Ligand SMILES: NC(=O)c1ccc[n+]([C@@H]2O[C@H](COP(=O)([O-])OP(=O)(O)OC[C@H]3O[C@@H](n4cnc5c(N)ncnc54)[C@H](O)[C@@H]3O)[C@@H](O)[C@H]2O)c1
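Here's a solo chain for you in structure tokens, the form predicted alone.
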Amino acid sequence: MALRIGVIGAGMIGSWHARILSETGGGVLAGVCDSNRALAEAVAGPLGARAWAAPERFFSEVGMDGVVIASPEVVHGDHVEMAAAAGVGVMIEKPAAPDTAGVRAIMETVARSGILAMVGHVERFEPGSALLRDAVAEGVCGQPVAIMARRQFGRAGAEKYAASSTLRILAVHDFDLLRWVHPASVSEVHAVGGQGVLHATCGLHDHVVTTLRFADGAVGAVESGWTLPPAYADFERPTGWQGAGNNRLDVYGTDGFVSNDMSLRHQPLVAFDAREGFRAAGIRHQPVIHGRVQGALAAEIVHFAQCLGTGATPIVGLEDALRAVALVEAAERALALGQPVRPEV
């Protein structure tokens, strides 16, 4: 019998999750919930699913095996509580909570109820990221000495994140990757922010550089920015292409290095015409091929469904989420204080 999986939060990422669930053969889209009923209906209707506006009714009426929590992180804890009360497994979009206290509260809810919990750190489902991690674990580069990550996009549309931060939107991916690739504890975090057009218009740092010192002597650096020029990152055609970022992950060790160019995501598409000139397609996590969503985001949902069905341990758990959120907290604190800080985890 197919698993019934719902989605709460019908924004950009929630709508992708809902579409994937409607397309995969491993589950059924049980319903979509959003406090904005019109938004929930706009996502659910074309997929043949029902929409809800009240989370309480959603969890009590749908009859789900699992739910993807793609609502704002400030209410993730509330929605996990509702899922736990209904005995429904959860996949929580990142960040799992606004702070480490919130993640710990979710951990307590999950432990008390015994439901399955997974966190949506989608980078772990990208082939390049996973294979780099495996190569480092195999000892290809020896003992890691320096781990460098960059995640850089154009600034178009970034102002919608003004209530959050560049670190929470971009760096959280790479904080998780660094701790996954090199699981040593972090003893010190520092961050400095570049202030450009975005900062002047909405207070969001245009570019942040975070440095980490690991307890075993290794160092890490994470660049997070909205500083690619519009001509590189933003275009209208070809339909369905997304602007490429300038993203990569490098691990340098005592015996060599391993590198992953994450900009074009193993899909080196380029186009040139008289109207928009040269542009590269960064397919990112959800390429639509022959009318169906594929890639890492779909693999993430399939993994969640498999874990629900078999009881297997998810690749990304709440302990991983706690470490990533702790680094976000530390980096934001260091950015505000102008000095290095020690992370909580």
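Residue numbers run from 1 along the displayed sequence. These figures come from a predicted structure and were not determined experimentally.
What comes next is about the form predicted in complex with the ligand, which is not displayed.
J.: For a quick test of understanding: in the predicted bound form, does each of 20, 29 and 46 have a heavy atom within 4.5 Å of the ligand?
T.: No, the whole trio is out of contact, none within 4.5 Å by any heavy atom.
J.: Look up in the predicted bound form whether residue 326 has a non-hydrogen atom within 4.5 angstroms of the ligand, and give yes or no.
T.: The answer is no: residue 326 has no heavy atom within 4.5 Å of the ligand.
J.: Indicate whether residue 36 is a 4.5 Å heavy atom neighbour of the ligand in the predicted bound form.
T.: Flag for residue 36 set to yes.
J.: Would residue 72 count as touching the ligand in the predicted bound form under a 4.5 Å heavy atom rule?
T.: Looking in the predicted bound form, residue contacts with the ligand include residue 72, since a heavy atom lies within 4.5 Å.
J.: Does residue 182 make contact with the ligand in the predicted bound form, using a 4.5 Å heavy atom cut-off?
T.: Looking in the predicted bound form, residue contacts with the ligand do not include residue 182, since no heavy atom lies within 4.5 Å.
J.: Tell me which of 158-166, 135-143, 240-248, 204-212 has residues with heavy atoms within 4.5 angstroms of the ligand in the predicted bound form?
T.: The contacting stretch is 158-166.
J.: Have a look at 120, 193, 225, 89 for me and say which one sits with a heavy atom within 4.5 Å of the ligand in the predicted bound form.
T.: The residue in contact is 120.
J.: Can you name the residues of 309-327 that have a heavy atom within 4.5 Å of the ligand in the predicted bound form?
T.: Residues within 4.5 Å: none in this stretch.
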